[in-house]
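Single chain ahead, written as structure tokens, the form predicted alone.
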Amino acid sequence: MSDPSSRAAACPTDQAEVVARLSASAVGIIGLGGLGSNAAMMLARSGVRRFVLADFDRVEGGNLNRQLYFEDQIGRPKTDALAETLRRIQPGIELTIVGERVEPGNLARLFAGVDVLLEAVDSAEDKAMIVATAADELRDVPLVWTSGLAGCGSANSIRTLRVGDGVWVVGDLEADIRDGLPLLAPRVMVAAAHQAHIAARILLGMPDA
């Protein structure tokens, strides 16, 4: 596992250097819905070549409005469908596929080799479990989690905050789907972009949000 803190703090001015640095890193993503699928796409396009992708669910037609899947992939495991798309974007990409539910008993084992971990699940209980388990068992792995991206509020309210040593949160910290708010593609993708961007900054040695 590479050490983001050992890299230069300034953003490289050469695109090839950015790609070279990112390609030497591995990103873990738990949850491959609107956040995880789009964050994976953006990071792959940015240069990341190694991912650990975890989701036990299947592609549903009702989610195509905000998730990086297509009608002919409905019913397939999200891991397989996303892997297919990422390989079209970047042939030769290295993907570790996890089709099981991530739990306290397997999280550290599954993601021990990543350089940054993205939490992209829907359930508040699962979010809390991931944050608590990662803080306890993956202390050296930067974690980016989310809180508050539902509804029709301004995209400008989505932000990235550093909330601890090696921990960042993305969202407005308020708007919750459990409050009956809808999920709109632009706002979800803004949050996904925030997650992907802070992940890239961490990997490039610029972790300040």
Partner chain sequence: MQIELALFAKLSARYPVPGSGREPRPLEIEDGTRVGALVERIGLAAEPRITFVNGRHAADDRLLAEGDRLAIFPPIAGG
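Residue numbers count along the first chain shown, from 1. Fair warning: this is a prediction, and the values are worked out from it, not measured in the lab.
The same protein has a further form, the form predicted in complex with the partner chain, not shown here; the description that follows concerns it.
Peer 1: Counting any heavy atom within 4.5 Å as contact, can you tell me which stretch out of 41-49, 145-153, 54-62, 22-30 lines the partner chain in the predicted bound form?
Peer 2: Checking each option against the 4.5 Å cut-off leaves 145-153.
Peer 1: Flag this candidate site as yes only if Leu35, Asp122 and Val163 all have a heavy atom within 4.5 Å of the partner chain in the predicted bound form; otherwise mark no.
Peer 2: Yes, each of Leu35, Asp122 and Val163 comes within 4.5 Å of the partner chain in the predicted bound form.
Peer 1: Does the partner chain get within 4.5 angstroms of any non-hydrogen atom of Ala128 in the predicted bound form?
Peer 2: Result yes; Ala128 sits at the interface with the partner chain in the predicted bound form.
Peer 1: Report yes if any heavy atom of Arg139 sits within 4.5 Å of a heavy atom of the partner chain in the predicted bound form; otherwise report no.
Peer 2: Flag for Arg139 set to yes.
Peer 1: Is there a heavy atom of Ala132 lying 4.5 Å or less from a heavy atom of the partner chain in the predicted bound form?
Peer 2: Result yes; Ala132 sits at the interface with the partner chain in the predicted bound form.
Peer 1: Where, within 66-105, is there a heavy atom within 4.5 Å of the partner chain in the predicted bound form? Residue list please.
Peer 2: Only a single residue, Arg66, comes within 4.5 Å of the partner.
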